[in-house]
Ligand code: X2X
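Quick heads-up: it's one chain on its own, the form predicted on its own, in structure tokens.
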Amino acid sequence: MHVSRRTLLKASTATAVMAGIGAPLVARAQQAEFSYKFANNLPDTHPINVRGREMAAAIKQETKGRVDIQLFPSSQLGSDTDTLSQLRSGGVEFFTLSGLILATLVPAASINGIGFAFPDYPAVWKAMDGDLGAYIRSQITKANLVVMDKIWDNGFRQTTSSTRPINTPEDFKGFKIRVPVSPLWTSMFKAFDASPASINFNEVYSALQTKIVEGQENPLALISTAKLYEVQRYCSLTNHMWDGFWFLANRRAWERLPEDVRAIVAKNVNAAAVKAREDTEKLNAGLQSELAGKGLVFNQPDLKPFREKLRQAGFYAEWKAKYGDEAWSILERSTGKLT
């Protein structure tokens, strides 16, 4: 039987109208009791967003639709500093932020980013799932924010450049490098006699493209997902900092959730953080050959002279004084003696 397009359209319209009669009741039944925004500065394909979507789906299912978390990746809601302000005011309910940037509000939050401190992942997780992480979380709580137990992995940071590889501390001299908006980063690269420029991540690609800066530093996963290899030529495996993202919540929004719902949300957020850690570590480990195929030229410098240069420049002594003896002694339990 031949059915004309006009007949089909009429039938579809009639069906839609009939269905619409009962729609308001259905919509009300499906409406989430708590609709929260989760913002971050990472590309949509980054493990934090992949696991974040799984996490949001699991929370929605376990709370029987009461909690609906919408993801806003790639700084869609503003720069890191803008979004932190929104989190504090309640315009955004959840936000993952590097402790090194959170340090503008909570100074102790940047201590895990001390240059050339952690030799490997086991040392990182021993510290961040142990005493150092607990100390940082206690300081974040004092700033009237809620923070989840497990920090998400951003990985060890590497240095890229459009002009030259970094093989020795002297190669940093006069080097125009983008750094996040964080005093610790600026301080470290100044100790190497570089010229650091604080630029929010959503502006990094264009800053490299227009040669405002020569280079930047980030984990390989982010260099890949943000396509920074398109505007950089060299990648030096400096492993100079380990960086992670604290999962933060607006306190008023968090306390609006019933206690049983909070437990479900926290459980799923922390489980997703652990899965994303595994993803990010695997991704970073396997990306070198892939990025080399896209044109990045890799080199592996000896890292001991970099740590020694920071010691001689008074970098460690300066930051020990800023963080205080208690925090510094907790750090050195995992890293060994730095000063």
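Residues carry their position along the shown sequence, with the first being 1. Source: prediction; values computed, not measured.
Quick note: we don't show the form predicted in complex with the ligand, though the next part is all about it.
Between 109-117, 217-225, 168-176, 259-267, the stretch whose residues reach within 4.5 angstroms of the ligand in the predicted bound form through a non-hydrogen atom is 217-225.
Interface residue among Gln232, Ser236, Asn154, Thr83 relative to the ligand in the predicted bound form, by the heavy atom within 4.5 Å criterion: Asn154. Among the residues Gln158, Ser161, Asn250, Ser98, the one placing a heavy atom within 4.5 Å of the ligand in the predicted bound form is Ser98. A residue is said to contact a partner when one of its heavy atoms sits within 4.5 Å of a partner heavy atom; Pro180 meets this definition for the ligand in the predicted bound form.
When the ligand is considered in the predicted bound form, Glu93 lies well away from it, no heavy atom lying within 4.5 Å. Contact annotation: Thr280 falls outside 4.5 Å of the ligand in the predicted bound form, judged by heavy atom distances.
Not displayed here, the ligand is kept clear of Trp246 by more than 4.5 Å at the level of heavy atoms in the predicted bound form. Proximity of Ser187, Phe306 and Trp319 to the ligand in the predicted bound form is absent: no residue of the three has a non-hydrogen atom within 4.5 angstroms.
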